[in-house]
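What follows is a single chain, given as structure tokens, in the form predicted on its own.
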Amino acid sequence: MRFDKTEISLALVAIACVLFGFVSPGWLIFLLTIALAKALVVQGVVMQMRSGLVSFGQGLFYCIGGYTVGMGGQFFGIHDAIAALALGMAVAIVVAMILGLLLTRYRDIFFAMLSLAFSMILFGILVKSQGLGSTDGFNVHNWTVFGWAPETGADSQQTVFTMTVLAGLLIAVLIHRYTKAGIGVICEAVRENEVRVEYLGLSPRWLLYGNYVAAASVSALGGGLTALATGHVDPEMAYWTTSGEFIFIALLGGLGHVAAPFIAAIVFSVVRTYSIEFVPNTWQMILGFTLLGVIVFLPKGLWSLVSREKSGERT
């Protein structure tokens, strides 16, 4: 199996991140863990944006992943983190396979609004479910990794961070290969001209269906890792503002590279954290101006800074 420059670079950055985690303060490890976990959800959003669809309800699968991890330990005795994450992805795939039959029949704002509607339906169900903590949610039980249980909070935090970095590396490599493969290129062709894809004898609907299901599984993984990191899940994971946050990060990073969502998620988390710290009453406005500045000066996202530098070196 051969690895290209992008995959080698991703692996080196992942190793550096894991090593950096051992010397970083707890607050920074937590911030990076949440940012990288949310970046996985954004990867799912970007996968659909590359095929011409914008999901306003990706929080649905983010929430499914998180609640599956929480419920696995709370009700079903599944305390192994890897097994719980895999179960969350499996549940999200099943749900996506059902919903995708309907959603992939629609395009543009109709797809966006329907995806948002299903996410809000889940939010409403969870809010009304007293057994799941209603609006307060519930705590995630202590977990293990292949039988090993972290002894301290610092060990738990470092373990989740390492798992998130490794999961991010695996997903990034898979998505990178997916976009370079035939099906990834065809999905971009669907975005540009769906009719021409049909003339090639391919079904755009089923291509989008497979893409939708794959994006759901990646987003559920991000939700599960977030649940492990925070030790808590609540209905806000499915709320429309959470899904809007993922779109915000996707626009901030752009579609140019598989690393863009990770960079954008970290920038978003840092800007929001310090905005809340120093200007708690206007932090939303600062985030809005940040995105506006990127749209005006970097319409292809933050990654365009890297691509411009590379193109400048070639010339």
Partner chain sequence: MTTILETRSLNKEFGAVIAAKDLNVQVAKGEVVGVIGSNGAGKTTFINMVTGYLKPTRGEILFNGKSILGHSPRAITRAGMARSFQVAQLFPDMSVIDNLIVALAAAESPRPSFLSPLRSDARIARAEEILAEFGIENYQNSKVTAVPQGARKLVDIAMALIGNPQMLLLDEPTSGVSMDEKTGLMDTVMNAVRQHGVTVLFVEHDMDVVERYVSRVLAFYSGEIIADGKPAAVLADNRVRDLVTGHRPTHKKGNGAS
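The structure presented is a predicted model; accordingly, all values stated were derived computationally and were not measured. Residue numbers count along the first chain shown, from 1.
If you look for the form predicted together with its partner chain, you will not find it shown, but the lines that follow are about it.
- Contact annotation: of the candidates Asn142, Ser129, Ser203, Thr241, the single residue with a non-hydrogen atom within 4.5 angstroms of its partner chain in the predicted bound form is Ser203.
- The contact residue chosen from Val195, Ala149, Ile125, Leu102 relative to its partner chain in the predicted bound form is Val195, the criterion being a non-hydrogen atom within 4.5 angstroms.
- Put simply, Arg107 is far from its partner chain in the predicted bound form: not one heavy atom of it is within 4.5 Å.
- Its partner chain in the predicted bound form is not approached by Phe111, whose heavy atoms all lie more than 4.5 angstroms from it.
- Taking the partner from elsewhere, Leu207 is found to have a heavy atom lying within 4.5 Å of its partner chain in the predicted bound form.
- Its partner chain is not shown here, but in the predicted bound form it comes within 4.5 Å of a heavy atom of Val185.
- Only one segment in the set 74-82, 241-249, 176-184, 88-96 has residues whose heavy atoms sit within 4.5 Å of its partner chain in the predicted bound form; it is 176-184.
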